[in-house]
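Before any questions on how it binds or moves, here is one chain, the form predicted on its own, in structure tokens.
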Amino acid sequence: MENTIIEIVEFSFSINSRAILKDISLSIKEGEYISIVGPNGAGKTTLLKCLDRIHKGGNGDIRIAGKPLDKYSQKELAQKLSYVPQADGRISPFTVYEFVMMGRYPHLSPFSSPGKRDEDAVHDALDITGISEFSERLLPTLSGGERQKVFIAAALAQGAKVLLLDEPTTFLDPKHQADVHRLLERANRERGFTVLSVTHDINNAILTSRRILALKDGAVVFCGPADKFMNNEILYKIYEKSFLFVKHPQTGKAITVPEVP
């Protein structure tokens, strides 16, 4: 039986007296794959940052594995949740192996060296993400898609079973987008990681997610099964425009197609 790993109850968050999130309630089971969608400024990234306590405070209740969020130390929280932020163009001057090993920080003391368990976790993460072959390369020598796999590998090596991802395929070409989506699906399906991913790609959200959470102006507009989301009545409330649909040739699921100008 699946256990609840994240419980959000009537949570609100403001920055400089401006409400960013408004009465958000969401229960997430272990092993779920949930996409968070919505227009720019909807509060998607803020929600992830509140869960990972990058943004502190707010009103309401957030529990991780049944424990109030504010009762965790940051190190304890990092053993439960790992966060992959949006790409910001900054590149660390480390090798791939060194950077992924940094993901083990919740399990190391300031003066301890990595042990066999840490090395095994890093090698496993490199294997899952398919980047073992360039583990000794420097991050600045990698393409954007390769670096994104490195960031996800570091999150996997961290050992937390919940992945929080903020637009993980932004700025990637179609091949690397597909690689990252397959990687996340594999981590979810084969390794049991719970995935909570912010995306603007509603077609991918439909094809990969078990559930979709849609936000607009900081409030929940839709939260339910992915196959119930592709409905123009729902989508118009979120995006203030209608969409055209076709059936995906492989899955039969409804996906959107661009309108002719």
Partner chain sequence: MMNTGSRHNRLIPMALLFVLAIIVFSCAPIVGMNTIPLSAVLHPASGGMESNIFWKIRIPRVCISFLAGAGLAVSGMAFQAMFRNPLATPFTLGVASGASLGAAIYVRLGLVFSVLGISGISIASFAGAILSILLVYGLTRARRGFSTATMLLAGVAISFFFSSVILFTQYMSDFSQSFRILRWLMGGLEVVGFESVLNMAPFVISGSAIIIYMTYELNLLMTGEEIAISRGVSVWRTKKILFFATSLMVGGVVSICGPIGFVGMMVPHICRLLIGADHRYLTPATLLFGGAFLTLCDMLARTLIAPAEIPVGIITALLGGPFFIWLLLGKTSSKRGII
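Everything numeric in this text was worked out from a predicted model, so none of it was measured. Residue numbers count along the first chain shown, from 1.
There is also a form predicted together with its partner chain; it is not shown, and the following applies to it.
- The single contact residue among Leu172, Ala154, Ala187, Val162, judged by any heavy atom lying within 4.5 Å of its partner chain in the predicted bound form, is Ala154.
- The closest heavy atom approach of Gly130 to its partner chain in the predicted bound form falls outside 4.5 Å.
- Taking the partner from elsewhere, Leu244 is found to have every heavy atom lying beyond 4.5 Å of its partner chain in the predicted bound form.
- Taking the partner from elsewhere, Gly103 is found to have a heavy atom lying within 4.5 Å of its partner chain in the predicted bound form.
- Using a 4.5 Å cutoff between non-hydrogen atoms, Ile15 counts as a contact of its partner chain in the predicted bound form.
- With the partner omitted here, the stretch from 190 to 198, 227 to 235, 46 to 54, 27 to 35 that lies within 4.5 Å of its partner chain by heavy atoms in the predicted bound form is 46 to 54.
- In the predicted bound form, its partner chain lies within 4.5 angstroms of at least one heavy atom of each of the following residues of 116 to 142: Glu119, His123, Leu126, Ser132, Ser135, Glu136, Leu138, Pro140, Thr141, in sequence order.
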